[in-house]
Ligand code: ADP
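This document starts with one chain, in the form predicted alone, laid out as structure tokens.
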Amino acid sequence: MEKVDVLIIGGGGACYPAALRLAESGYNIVMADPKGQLGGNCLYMGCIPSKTVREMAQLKERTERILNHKVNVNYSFIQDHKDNVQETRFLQHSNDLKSFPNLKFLGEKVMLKDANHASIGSTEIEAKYIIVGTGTEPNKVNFPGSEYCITSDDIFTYKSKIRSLPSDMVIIGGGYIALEVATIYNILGSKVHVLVRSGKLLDRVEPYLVSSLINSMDKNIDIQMNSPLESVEEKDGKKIVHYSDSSGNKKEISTEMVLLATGRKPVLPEGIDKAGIKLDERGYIKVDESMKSNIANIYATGDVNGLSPYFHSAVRQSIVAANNIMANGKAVDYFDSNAVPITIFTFPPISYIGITPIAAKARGIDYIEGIYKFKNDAKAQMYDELAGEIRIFFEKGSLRAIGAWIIGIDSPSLINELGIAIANGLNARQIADYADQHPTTNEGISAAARSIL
């Protein structure tokens, strides 16, 4: 029996920041992940590889549109580059582990036996505290022909077997993964069809943002709403997708690839019931703002708790758990879900944070909008990407920034600056008085604030 201070189950952003923080403070740590690498789903088949491919697509799109120069894509080269980026970060994390002799990493699954004991392969562990950060996986629904379909994990995983660009593809789903993949592969050269069961895209996003995105997306992408999938068959080397259109007519599409983007579900460690850990109605681990589960010494961080399914949220939650463990289990740090920036990495991207109009109205909060249109922005003019805006929501009276959204150029980076302002309760005058560097799209943030003063 190996006795440790903390057992950490998982190796992604929900886990390794806590492991490094605790190890640096002298705690004895065992961390385990069957992938055998740090970085979790984000690095192995999620945000890092998908955004690497997206950046390559953006280079192609801007070169062709602005310089009028046709770019022939060698998709295998893009995948090679993606793999190289992943390998660079695998090595980076490996070097992090070497810095701490009191941090042991095992590339195996963990089986919980109770709230303090677990087995990892042949190793028996007794831990004072446990952090569960096992993430999520694609919710691959079963239907006739589902075995002929893939998920985004198959495309973006390290050393993916998919090394050539599909001439066409059908994507099932209307969430962020469906739309991100659709816009990326449309630019790379695939003909993309998107079948959405319902009549709504991005159902948790403000309707104004969704309509702005749809209006700005390439109309070459074939999006069919109210078109439920019925079955897929394989015939003569092609996938035949059978579905019903919005009028109830039976239709089919012959395609090279079918991608299921039908949501994700939590990955729970074996033996979670033996540890007494409670789940919510969706199957995620229930936690409070200190990341503590119903079991006093067990914390759950990242996607597995269902609070905020983003890598940067997982990192923050991981640190929250570590800080509270270092306070002998006393809650001294808390996760603020209102201060998490969110981006849909489509073309164009949309980003948002905090309390936006629908939530403000539901809470009875009166607000004022500060607006800056990218058509007036110098950098947006350089790239001829004039659609979109920065919109900041200020509480009426105090003029404290409570939320924001950004549509268009540089939104994934710009939303971070606004996140700092919102998290720290800055008001319109404080934001307006900051001199963002010229010529950058950041200038629009202070300009949006000045628009209400």
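Small disclaimer: the values here were computed from a predicted structure and weren't measured. The first residue of the sequence shown is number 1, and the count goes up from there.
As for the form predicted in complex with the ligand, it is not shown, yet the points below apply to it.
Participant: Heavy atom within 4.5 Å of the ligand in the predicted bound form: which of Cys42, Met56, Ile402, Leu414 fits that? Just give me the one.
Facilitator: In short, Cys42.
Participant: 181-189, 149-157, 128-136, 238-246: which one contacts the ligand in the predicted bound form at 4.5 Å, heavy atom to heavy atom?
Facilitator: Selected range: 128-136.
Participant: Can Ala14 be called a contact residue for the ligand in the predicted bound form at 4.5 Å between heavy atoms?
Facilitator: Within the cut-off, so yes.
Participant: Give a yes or no for His117: in the predicted bound form, does one of its heavy atoms lie within 4.5 Å of a heavy atom belonging to the ligand?
Facilitator: Result no; His117 lies far from the ligand in the predicted bound form.
Participant: Can you check whether Asp33 is within 4.5 Å of the ligand in the predicted bound form, heavy atom basis?
Facilitator: Looking in the predicted bound form, residue contacts with the ligand include Asp33, since a heavy atom lies within 4.5 Å.
Participant: Mark Ala322 yes when one of its heavy atoms lies within 4.5 Å of a heavy atom of the ligand in the predicted bound form, and no otherwise.
Facilitator: Judged by the heavy-atom cut-off of 4.5 Å, Ala322 is well away from the ligand in the predicted bound form.
Participant: Which residues within 254-273 place at least one heavy atom within 4.5 Å of the ligand in the predicted bound form?
Facilitator: Heavy-atom contacts within 4.5 Å come from Val267, Pro269.
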